[in-house]
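Just the one chain here, laid out as structure tokens, in the form predicted alone.
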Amino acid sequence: MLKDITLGQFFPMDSVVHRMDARYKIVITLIFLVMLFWGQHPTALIAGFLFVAVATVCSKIPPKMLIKSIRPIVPILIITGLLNLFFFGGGTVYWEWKFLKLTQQGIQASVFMVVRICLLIAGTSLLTYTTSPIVLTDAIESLLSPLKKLKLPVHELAMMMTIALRFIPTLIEETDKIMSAQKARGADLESGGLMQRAKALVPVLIPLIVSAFRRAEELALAMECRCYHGGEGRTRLRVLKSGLRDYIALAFTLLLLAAVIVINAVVY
């Protein structure tokens, strides 16, 4: 299960989406999130699916990678679906037992929420799949540059966000190695009740925390050895430049958002 978590990973390829300006990709992703959560009509899901489908084809990312990114949240999807299924009233009642009630609107709300979360994970994963951590840092810093007038350390904030995102796959890999080592020593991490499993994770969490602090210290030492002193006077190897493909992608996303807003206003 841990190997299925692909959040924060970057897959270098030669595609239209990979060559896009990272600033536009972040803005487009934010518009995509607004589109998903603004619409209360199935049109929002259709627009979201169209966005993810077009972005996947243009990025040359295999669809199985998006499916792989959704697998770790299957328990969350099941819990969310059940809560909406039995506790969302309204419409025709198909089944009822004590405080549990299966209704038409409950089924619709359950399916709507599960599909929305799946599209949310798939759409946001494409951002990290197609953008390297260095370029993502520069894009975040550029978008947050107006905050420099408030004396906020924008470069350092962007660097911290990107390093945290980049370390997710590293920590997941480290966790998998520690769990395999503990199982080889006879540790039982999968059987027993909830409390027993929680206690069994202690031999995993302690080495993981120690390893995380060690990696953080090594990273800080490496940055100091390279004379890193923040963003003041810092130059960039790759300068972010926007082009026609960025404008077309932004216009396409805004068109989908406008369609969702109009249909939502007409229906509701």
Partner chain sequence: MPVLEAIDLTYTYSIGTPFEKTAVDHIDLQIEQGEFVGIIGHTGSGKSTLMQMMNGLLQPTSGTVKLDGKDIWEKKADRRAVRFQVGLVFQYPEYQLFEETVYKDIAFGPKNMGLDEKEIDRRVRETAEAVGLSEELLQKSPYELSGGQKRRAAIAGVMAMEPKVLILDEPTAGLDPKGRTKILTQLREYHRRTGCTVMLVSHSMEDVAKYVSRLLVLSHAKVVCYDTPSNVFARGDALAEMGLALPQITRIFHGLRARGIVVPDEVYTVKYGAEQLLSLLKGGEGTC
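Numbering follows the first chain given and starts at 1. Note that the rigid core is defined as the largest set of C-alphas that superpose within 1.5 Å between two forms. Values in this document were obtained by computation on a predicted structure and should not be read as measured data.
Below: the form predicted in complex with the partner chain, not depicted.
Per the 4.5 Å heavy atom criterion, the partner chain in the predicted complex is contacted by stretch 174 to 182, the sole one of 111 to 119, 127 to 135, 141 to 149, 174 to 182. 187 is the sole member of 74, 157, 83, 187 with a non-hydrogen atom within 4.5 Å of the partner chain in the predicted complex. In terms of contact with the partner chain in the predicted complex, the residue from 30, 54, 223, 206 that brings a heavy atom within 4.5 Å is 206. The closest heavy atom approach of residue 214 to the partner chain in the predicted complex falls within 4.5 Å. Contact between residue 24 and the partner chain in the predicted complex is not found at the 4.5 Å heavy atom cutoff. Taking the partner from elsewhere, residue 247 is found to have every heavy atom lying beyond 4.5 Å of the partner chain in the predicted complex.
The partner chain in the predicted complex is not approached by residue 227, whose heavy atoms all lie more than 4.5 angstroms from it.
A movement of the C-alpha atom of residue 146 falling short of 2 angstroms is seen between the shown form and the other one when the two forms are aligned on their rigid core. After superposing the rigid core, the C-alpha of residue 177 moves by 2 Å or more between the shown form and the other one.
With a cut-off of 2 Å and the rigid core superposed, residue 53 has a Cα displacement that falls short of the cut-off between the shown form and the other one.
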